[in-house]
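Only one chain comes next, encoded as structure tokens, the form predicted alone.
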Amino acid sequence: MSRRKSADILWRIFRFVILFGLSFVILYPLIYMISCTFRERSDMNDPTVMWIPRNYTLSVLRETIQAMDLWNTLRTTALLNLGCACFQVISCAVTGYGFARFSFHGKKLLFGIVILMILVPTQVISLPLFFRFRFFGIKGLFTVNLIDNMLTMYLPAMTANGIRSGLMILIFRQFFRGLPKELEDAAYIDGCGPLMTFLRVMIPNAMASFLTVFLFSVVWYWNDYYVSTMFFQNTRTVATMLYNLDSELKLRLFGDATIQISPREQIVWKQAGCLVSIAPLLVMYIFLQKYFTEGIERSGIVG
């Protein structure tokens, strides 16, 4: 009994140390971000300052918000992200339902293309995409330049070709395959066609999966820099403003893009920029964590 009790105590201690260590590794960037956001620039050159600032200040946060033009940037990013996320959820759900429940010629080939959408990086098709939207239309009849237009992000999302659409189609396919076939049979007996069955039966039973894909879509569009800089020249998102934060700070705060600032002192602004950029996503995840986890578990992707 004493050996078993000792082994149980040792296991609890070992488990606590492992979980504490993993938590620290995961939370370290966030803790450091918060510490830098509320400290003076001079504290970065003080070797005695590790976690707790010697001089608390909100000036760095205010300067970062000003340099990023945060409120206008957040409005533009939210308009772009929420629109793309909604379009992408609908298009990927319809596509995933088709792969899960219907048989048609070329199904395996098309699903192989979906898998390639997950494996092939966006950089491979970036040049064809750019020219497609630069000269959008029918050759010989009309062409429109859609560069620096939100349609360059909306149109792929509407056609299940947006950012990480392949993974989202796979999530929906796995989820719909896990639902009982009897649900559709009962709907067909009641006179519902495939569309009404999808709307009235499948969607209400797949709300957790819809929420999961919506959160994935919002996060990926929010953090996207590569596609945004390829299509947008004047439209500013959170990711593009954060990437150009150094030059924006010099212009907006000091009025001189060539001014030299110590790299160590720049860290406080960059960490503050990262904090305000991820804050909306953290708040959203805190409130929706339960449903997000449930959707992942029920989709069949894990396990």
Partner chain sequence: MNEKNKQRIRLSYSRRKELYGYGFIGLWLVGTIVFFLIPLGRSLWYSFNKVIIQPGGLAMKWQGLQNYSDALFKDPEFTRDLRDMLIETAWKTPLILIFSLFIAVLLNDKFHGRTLARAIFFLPVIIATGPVFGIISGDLQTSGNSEASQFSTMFSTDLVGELMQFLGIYGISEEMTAYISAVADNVFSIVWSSGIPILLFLAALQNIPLAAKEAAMIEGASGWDFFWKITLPYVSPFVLANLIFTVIDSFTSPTNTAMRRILTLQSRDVNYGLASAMAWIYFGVVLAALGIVVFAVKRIIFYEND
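A quick note: this is a predicted structure, and the numbers were derived from the prediction, not measured. Residue numbers count along the first chain shown, from 1.
In what follows, reference is made to the form predicted together with the partner chain, a form of this protein that is not presented.
- Taking the partner from elsewhere, residue 72 is found to have every heavy atom lying beyond 4.5 Å of the partner chain in the predicted bound form.
- Looking at residue 56, you'd find every heavy atom of it more than 4.5 angstroms from the partner chain in the predicted bound form.
- The partner chain in the predicted bound form comes within 4.5 Å of a heavy atom belonging to residue 30.
- With a 4.5 Å cutoff on heavy atoms, residue 128 counts as touching the partner chain in the predicted bound form.
- 158 is the sole member of 82, 207, 150, 158 with a non-hydrogen atom within 4.5 Å of the partner chain in the predicted bound form.
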